[in-house]
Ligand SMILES: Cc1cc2nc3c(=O)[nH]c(=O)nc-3n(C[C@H](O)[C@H](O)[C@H](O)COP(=O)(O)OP(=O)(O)OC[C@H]3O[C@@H](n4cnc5c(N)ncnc54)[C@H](O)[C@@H]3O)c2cc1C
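Quick setup: one chain, the form predicted on its own, written in structure tokens, and binding and motion questions come after.
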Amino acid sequence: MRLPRFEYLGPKTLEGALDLMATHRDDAKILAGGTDLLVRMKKGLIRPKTIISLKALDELAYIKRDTRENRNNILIGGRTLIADIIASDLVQRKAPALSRACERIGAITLQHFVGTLAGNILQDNRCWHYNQSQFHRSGRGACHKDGGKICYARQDSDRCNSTCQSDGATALMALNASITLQRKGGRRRVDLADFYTNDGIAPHAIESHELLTQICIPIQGGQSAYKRLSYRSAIDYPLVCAGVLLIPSTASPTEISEARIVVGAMGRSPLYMAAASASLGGKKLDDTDAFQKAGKAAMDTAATFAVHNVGSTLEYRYAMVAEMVFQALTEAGEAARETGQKAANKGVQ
């Protein structure tokens, strides 16, 4: 499969990139790592007239802690390599769910040389029936995502049911992250939970002239974890994944004050499990029964969104939602208890 012809533009500054995006808009696509974009172009899924490369924009490659005006956040630039996030001591200590998720994105060569976290957030939704070669798709009627009126993943559906299989987005939503979208002459900050449209054709609430320049992760004093299931440990997209955050109570450090559970690869966007998360308030950090019930509740909710389009049976994926959530909650609970015990021992000394 060959790439279609396109004009390649390589701005040297962020302002230059924003100028080009404002000029070309829908005719252009952004190239950061290219691990999703170039594959889709080779398969004939998209045919942009112009490619705007961010490879020279080192000003968007950073990981730092923001403590201005009583803030306490991790800031990650939009062109930061996945390998740099994995290696970051700050991310490992304060946002382990993101570190674990990044370890599972693609292969090591992609992580080190091209893959970016922003690119993983912005990767297009996928479907086993759609993400095929142009020759394969030409053998049957076009699906919703390909401009037709058919959904091969869910019979008689009036919409596209392509699935968000982003590891990074699932972990970041569990961490209550937000992103900055910048355009020529302005910018806006969007909670990641509000960034997904639940539309399989256009899954992200971003304009063609906007660029994802920064990810912001609040440091909330809790512990996070990420679990995912795939056929292979590298390269493959997840069949199901789960990111969780547990924040202990300040009054009773062995109890959960707040929990966030997010399930990925089961719907058109990462799924925040509000009821399952709320059920853990006031529970102990080692309450495995509560964790199992939360996993079952997450499974029941996710089952209403899932379709057969990622290469595994629905029944298996349903069961694995409960298991991934349970494993992530158990890991986060153990880490929170260890942190609390260390703090208690330090206080005694």
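So that there is no doubt, residue numbering starts at 1 and follows the sequence shown. None of the values given here were measured: they were computed from a predicted structure.
In what follows, reference is made to the form predicted together with this ligand, a form of this protein that is not presented.
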Inset, instruction - Quick one: from 30, 297, 63, 290, grab the residue that has a heavy atom within 4.5 Å of this ligand in the model of the complex. - result: 30
Inset, instruction - Find the only residue in 95, 212, 276, 245 having a heavy atom within 4.5 Å of this ligand in the model of the complex. - result: 212
Inset, instruction - Considering this ligand in the model of the complex, find the one stretch among 161-169, 84-92, 248-256, 186-194 with heavy atoms no farther than 4.5 Å from it. - result: 161-169
Legend entry - 4.5 angstroms heavy atom contact with this ligand in the model of the complex for residue 122: yes
Legend entry - residue 45, heavy atom within 4.5 angstroms of this ligand in the model of the complex: no
Inset, instruction - Give a yes or no for residue 100: in the model of the complex, does one of its heavy atoms lie within 4.5 Å of a heavy atom belonging to this ligand? - result: no
Legend entry - Close approach of residue 224 to this ligand in the model of the complex, 4.5 Å, heavy atom: no
Legend entry - Within 78-109, the residues that have a heavy atom no more than 4.5 Å from this ligand in the model of the complex: 78, 82, 104, 105, 106
